[in-house]
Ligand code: BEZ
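The data below hold one chain only, encoded as structure tokens and taken in the form predicted alone.
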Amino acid sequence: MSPRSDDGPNDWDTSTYDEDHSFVFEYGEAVVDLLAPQPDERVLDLGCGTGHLTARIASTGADVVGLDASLEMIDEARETYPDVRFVHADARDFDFEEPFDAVFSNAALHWIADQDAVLESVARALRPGGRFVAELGGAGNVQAIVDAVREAAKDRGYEVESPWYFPTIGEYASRLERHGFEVREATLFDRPTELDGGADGLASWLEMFGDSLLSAVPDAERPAVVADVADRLREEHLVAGTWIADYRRLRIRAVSTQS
């Protein structure tokens, strides 16, 4: 899911995203449960990707709008779910005429460095007392993968920096409070995640999600770096032929206190 427009986003292959990385929206079902959408509520799905969770929310009777900065994602969502409204826009700067009862986001916000702009837009979109329910990568998310990429790249003379925003509970709760939210629930938890693709699962994951992470490495050298990363991680993260990524998630439920 890609809610940004100009922070150096990945080139999204929507077919591969849905077929080989379906865990992204499958795990998001639990976040929909936390949202608990009600019939006729107005809900915004921020960073909706190809729209599967947007449609899941719509099936409850809620009036839902999906928003994403990736036009490829939005086009796929519109084709798959023609009865649901999808909008191509930037999560850092969007406006709607009517306020929402809730803003929902799954596996999208960690792609955005300017979280203050996002939360300002979210606060502006919500009615007084409206809720914000989100899950994003938390502190330490995929740290083993990032460290291995950094080391493999450094051995070849390249400096790699993580492109993602993975906050602690305290950091994100404080940021929410500064934007007029009261945090009702915040959980940081480990979620070891099986990657699809068997022995190729890690390489597939890096191909889908790692463009920004590997941006300092020339294209011609990336296969060697990825192979090196696999060698460094194989002993601890390849289990019975399946790669296990060290995911950590931050799940938030907050309420707007603005009048």
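Start at 1 with the first residue shown and count on from there. Just so we're clear, the structure is a prediction, and the values are computed from it rather than from any experiment.
We do not show the form predicted in complex with the ligand, though everything after this point is about it.
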Within 4.5 Å of the ligand in the predicted complex by heavy atoms, the stretch out of 67-75, 137-145, 172-180, 123-131 is 137-145
The one residue among A107, V149, L119, I112 placing a heavy atom within 4.5 Å of the ligand in the predicted complex is A107
Does the 4.5 Å heavy atom contact test between F209 and the ligand in the predicted complex come out positive?
-> yes
Answer with yes or no whether W164 is in contact with the ligand in the predicted complex, where contact means some heavy atom within 4.5 Å.
-> yes
Would you give me the residues of 229-259 that have any heavy atom within 4.5 Å of the ligand in the predicted complex, in order from first to last?
-> Y247, R249
